[in-house]
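Heads up, the chain shows up twice below as structure tokens, two forms, tagged structure 1 and structure 2.
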Structure 1
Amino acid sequence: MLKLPQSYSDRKHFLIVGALVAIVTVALGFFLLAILPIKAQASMQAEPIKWLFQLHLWLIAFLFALVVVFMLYALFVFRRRKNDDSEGEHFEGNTALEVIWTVVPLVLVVIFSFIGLRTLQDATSGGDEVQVKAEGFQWSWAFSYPNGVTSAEMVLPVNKPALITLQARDVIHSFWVAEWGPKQDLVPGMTTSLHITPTKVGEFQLKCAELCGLSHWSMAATVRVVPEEEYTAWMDAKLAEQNLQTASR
């Protein structure tokens, strides 16, 4: 029987494994995107966050395939055959391969760190026009505007940059409107902030994304994004209502 050169056999195995890794990566990547739908699409900040999240899913699919396919291929192809009691072939480490699997992950970490920092920078850019303070407490939300208007719901004009100042009265909470993308913690004794530009009119739900106690599940509030003229009318009505209440005391 003609015995193939070891180098040719090695290349053949690597080509097969490489093809299997590519196939599994694509299949798993689309599977993850299908079962993990991203709702973030209703703010200017949502698109880069959505893209970064999808990029991470593809990286996860590739790393999973790289490890699992190599492992299963080795277990199946190089398993000990029946009645084979011979010793396995001795081989030394591969310096080039060790350098590659050390350097490549390091490069990927640096690249993803850079992309993450750029995405965070874009999501926290200034140019704010609308300001509102959101206070979280067990287990509800309260909103107030610079002109003194307070409300149990948050109302913002569409396509206008907004600065949401966040404060916690008791324990750590987290401000998250899934359709907007970013979320931000509220830390007792600190003031944090979230920059957002809503791009879709509609009614959304604000949820606390940090386990904060017994009724954490019910800590939600309504967020309405409306046309600018409707926002102005709502603000005038709330201001007149509060002035009337103050005058009647």
Structure 2
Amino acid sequence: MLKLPQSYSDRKHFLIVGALVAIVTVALGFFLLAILPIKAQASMQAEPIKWLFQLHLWLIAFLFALVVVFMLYALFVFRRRKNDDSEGEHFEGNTALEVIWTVVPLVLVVIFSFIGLRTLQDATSGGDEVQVKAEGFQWSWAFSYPNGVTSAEMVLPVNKPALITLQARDVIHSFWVAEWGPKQDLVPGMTTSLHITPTKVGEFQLKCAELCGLSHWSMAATVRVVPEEEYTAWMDAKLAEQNLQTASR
């Protein structure tokens, strides 16, 4: 059985706690990665988000371990023994320590502000090779392309930077395809926009992420990301179909 030192300032305490913090950080880091499987991974803008999210998880794992291991260790080692009526050690603080645990977090804040700024740029920028307008209204979506094609589903070619312009007809909505990462509100009286470069072919759900009344929960639309040839074919078919309708009217 390990004999723990009794004096509160014994260096052995800090060696033991340090080792435990390291072990717990690693275990907790992998645990958090497992229980917080971030869904954003199907667009170029999702990648920096996922990267920063997982970087955060490691920092969280370390800080959680630091506080909780210290706390649990103290609770165990410094618990009052039976028939011990003495008071605790008398020390009122330590200015050097206080300065350290003010300055180190401050440095971390600067570092994360910098990382956050870079990641934000990556997650919100992109080209506009494809343009599509999404309109939100209680409680559905409508899409239109610059060539006049309108659609109830949104179709985008894979790996092409798309600029999605957003308009709300009635109340505030929010455009969110979880797999793509970022979301953006649609605000009456404004036009907002979102850059998305989809990197995975497939069918996704666009969902409204801002409570917008009775049927907010079901305000969704299908979003399809297809190979470029398929996109062109779809667009041609739509053009033909909608021109035909216009002509025969």
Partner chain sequence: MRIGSLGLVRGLVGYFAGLIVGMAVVVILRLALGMSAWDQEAVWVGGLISAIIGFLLGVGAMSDWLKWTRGIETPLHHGPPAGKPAWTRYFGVDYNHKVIGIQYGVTGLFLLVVGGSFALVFRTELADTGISFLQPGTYNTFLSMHAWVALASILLGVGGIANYLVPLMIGAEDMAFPRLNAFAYWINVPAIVTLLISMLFGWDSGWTAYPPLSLLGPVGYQMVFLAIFTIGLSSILGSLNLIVTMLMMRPKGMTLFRMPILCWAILATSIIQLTATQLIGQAFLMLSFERSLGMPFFKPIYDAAGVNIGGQPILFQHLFWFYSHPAVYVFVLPGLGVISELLPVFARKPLFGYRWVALSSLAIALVGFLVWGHHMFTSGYQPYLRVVFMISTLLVAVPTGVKFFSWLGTLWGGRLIFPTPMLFTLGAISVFLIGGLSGPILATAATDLFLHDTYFVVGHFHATIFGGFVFPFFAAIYYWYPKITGRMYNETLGKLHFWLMTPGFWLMSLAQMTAGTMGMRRRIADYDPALGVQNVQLLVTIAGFVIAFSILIMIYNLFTSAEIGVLAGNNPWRSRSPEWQIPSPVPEHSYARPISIVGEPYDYGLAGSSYVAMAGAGDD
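Think of the rigid core as the biggest set of C-alphas that the two forms share within 1.5 Å after superposition. Everything quoted here is computed from the prediction, not taken from an experiment. Counting starts at 1 with the first residue of structure 1 and goes up one by one along its sequence.
Each of the two structures shows the same chain on its own, and it is structure 2 that derives from the form predicted in complex with the partner chain. The Cα shift for residue 209 between structure 1 and structure 2, taken after rigid core superposition, is 2 angstroms or larger. With the core held fixed, the Cα of residue 170 is displaced between structure 1 and structure 2 by 2 Å or more.
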